[in-house]
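One chain comes next, on its own, written out as structure tokens in the form predicted on its own.
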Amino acid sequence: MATTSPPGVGLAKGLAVTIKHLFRYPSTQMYPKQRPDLPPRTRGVIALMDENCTVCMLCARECPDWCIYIDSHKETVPPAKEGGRARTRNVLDRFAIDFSLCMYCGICVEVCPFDALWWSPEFEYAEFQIDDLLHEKERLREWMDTVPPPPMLEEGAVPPAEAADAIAKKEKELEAEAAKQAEVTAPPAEAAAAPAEAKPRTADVKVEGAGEIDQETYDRLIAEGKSERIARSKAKSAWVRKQKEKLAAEQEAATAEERGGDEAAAAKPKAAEVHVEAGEIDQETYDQLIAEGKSERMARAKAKAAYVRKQRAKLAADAEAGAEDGGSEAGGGAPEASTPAEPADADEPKPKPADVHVEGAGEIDQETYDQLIAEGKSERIARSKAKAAWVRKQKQKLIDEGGDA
């Protein structure tokens, strides 16, 4: 015969459990007001380093969900040595992952032989439409900025063959550049009468002693909570950039002295050729992205890019104004009699928009973008068409400027 409990025992037990948990803090997190504290190598989303991709198709073949889409074209590469044979290689055109199908097994990351795919701790990429979960290589490349650096090798470990070859190649380039700099420092007498070279770009200037760091950048990154290794790496890059700009300015000044002021009016520099320290951020862009619900890390990265673009445009405008002032001073004195301009060659064909190459096709036409968003198009389609509209306008502008000249 089954024993029965006295009436009210079950109710008392239930109330005891209720009273036990009544004065405890809840176990749930109030997301998004309360952010989860995740480990640094959390498997959030798959990021792509497109410069490492060789279009070997291993990731697409091994994917059990077939959610990776890759397009490429073949391109002829000149021989590495004189007298060698030209080679062909695959150039990546499209790399997309459909995260509505991906089951995050990580097979593609494991089978990639060139470390082009990585796990990023970023996890806030939800969309309102399932079609918007198909992310192209541009979005995958943005997530690469959030991937933590690989762990350091243990003491006495042998570095990978690829890394050793890259270090040896870089050392040879530095030695060749040092020899070239030595020749430039002590030029022969015949070279003194040679025409001055073009203005050196910052990217073409090599800096010796890259082991130094920019203390200001290092202190700022440490204050932001970055690890010492990341702060030291970025501080080294900042120091190299500053040294390159300094050397480029010195070479430009020396070149200007040799020219003797014959070419005072220089061409207007492009914004893409002006290098700006990217440590600052554009506060307006940062506040806008935070208001849109973006993560602080993503908002800070895009605000840094916006700050660099604005500074480049400002420096380009200042350089143009300086060039105009120099040209007006060089052309002072009695005005010469104006001569009628020679008629343009009527047989010269007008350039077509398809023959004009535009730098910086990453910009978008804001008017076209806003119009497509208002029509209900997805952000990806609107951005793609706005990029194409911006390129068309820039090509037409260059053609009009060429016709006016």
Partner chain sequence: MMDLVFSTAITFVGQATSITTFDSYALSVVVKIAFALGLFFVVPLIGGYLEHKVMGRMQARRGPVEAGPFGTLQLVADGIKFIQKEDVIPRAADKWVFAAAPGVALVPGMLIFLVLPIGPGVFALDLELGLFYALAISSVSVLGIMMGGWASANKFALLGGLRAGGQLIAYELPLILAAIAVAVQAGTLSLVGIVEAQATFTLPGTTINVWYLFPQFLGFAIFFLAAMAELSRPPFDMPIADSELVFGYMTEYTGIKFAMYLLTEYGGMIVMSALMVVLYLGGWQLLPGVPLPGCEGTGGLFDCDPMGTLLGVVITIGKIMALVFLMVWARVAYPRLREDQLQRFAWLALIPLALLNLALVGVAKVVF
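The shown structure was predicted, so the numbers you read here are calculated from the model rather than taken from an experiment. Positions refer to the first chain, counted from 1.
Heads up, the form predicted together with its partner chain isn't pictured, but that's what we're talking about next.
The candidate spot formed by 90, 169 and 172 is out of contact with its partner chain in the predicted bound form: none of the three has a heavy atom within 4.5 Å. Among heavy atoms of residue 36, none comes within 4.5 Å of its partner chain in the predicted bound form.
Shown alone here, residue 374 lies farther than 4.5 Å from its partner chain in the predicted bound form, counting heavy atoms only.
Heavy atoms of residue 40 never reach within 4.5 Å of its partner chain in the predicted bound form, leaving it off the interface.
Along 14-30, residues 14, 15, 18, 19, 21, 22, 24, 25, 26, 27, 28, 30 each place a heavy atom within 4.5 Å of its partner chain in the predicted bound form.
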